[in-house]
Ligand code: 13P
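Before any questions on how it binds or moves, here is one chain, the form predicted on its own, in structure tokens.
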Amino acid sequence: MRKKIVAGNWKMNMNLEEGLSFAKTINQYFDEKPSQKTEVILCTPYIHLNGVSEIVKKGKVALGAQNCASEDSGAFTGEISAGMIKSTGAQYVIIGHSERRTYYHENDALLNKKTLLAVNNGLKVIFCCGEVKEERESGKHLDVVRRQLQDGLFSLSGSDMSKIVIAYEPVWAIGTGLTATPEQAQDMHHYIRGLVKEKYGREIAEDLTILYGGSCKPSNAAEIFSKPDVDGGLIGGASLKKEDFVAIVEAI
């Protein structure tokens, strides 16, 4: 059975005190669960990483960053390297989130470079892909996702693909109130798994965890997660409320 994952992406929310307090609440909740088969990841702003790492290091919750630099070190003011992230105790990093692609114009070549650096520094990568509304409406969504994966991810070796989680984000369903139907999510997840199978073979494709990220909430999580190729979620706004986030985790 491939791993089930729910990752909470806090985005640019919560100051240090608020973030540490929230992480304690989440960590305590899952520590008190007798068995938790789903891996829960908190992907926090950089300022929280070290403190949250201390909170979760003996618990059942994993820690991730939301981005990393495209260089290992040097004169890159304001950047945070994959090695720095790893040194905080984080295990994961999100790369290629639609907001990074859109607002900061990160292209596939840059994201490929970041992914290689992250893997080489011992981090697992949540690699995001997905189409905007115009691409979906014009029928180009499959071509867009194929290109993003081929150019951004498929230079990795087969062994390194074991350190990758793919998150499908229908960009048109993020923060818009729209949500892909469970059937649309399944169709794209199945397509992605097929691309990985073409490149890396059946075993790696079947072991790959693919998350859905696009306005997932307690009211629709169970139906989306019931689809055979949907292995969990990358959760944005709903990850900032304990009741919502816990309900989404428990929907698997």
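Only a predicted model underlies this, so the values are computations on that prediction, with no experimental measurement involved. Note that residue numbering begins at 1 and tracks the sequence as displayed.
Separately, the form predicted in complex with the ligand exists; it is not shown, and the next lines address it.
- Within this chain, Gly175 lines the site of the ligand in the model of the complex, having a heavy atom no more than 4.5 Å away.
- In the model of the complex, the ligand stays beyond 4.5 Å of every heavy atom belonging to Gln186.
- Among residues of the shown chain, Leu234 is one whose heavy atoms approach the ligand to within 4.5 Å in the model of the complex.
- In the model of the complex, the ligand stays beyond 4.5 Å of every heavy atom belonging to Asn27.
- Stretch 96 to 104 is the contacting one of 96 to 104, 141 to 149, 72 to 80, 110 to 118, since its residues have non-hydrogen atoms within 4.5 Å of the ligand in the model of the complex.
- Screening Gln36, Thr209, Ser215, Ser53 for any heavy atom within 4.5 Å of the ligand in the model of the complex leaves a single hit, Ser215.
- Using a 4.5 Å cut-off on any heavy atom, the one residue of 147 to 171 that reaches the ligand in the model of the complex is Glu169.
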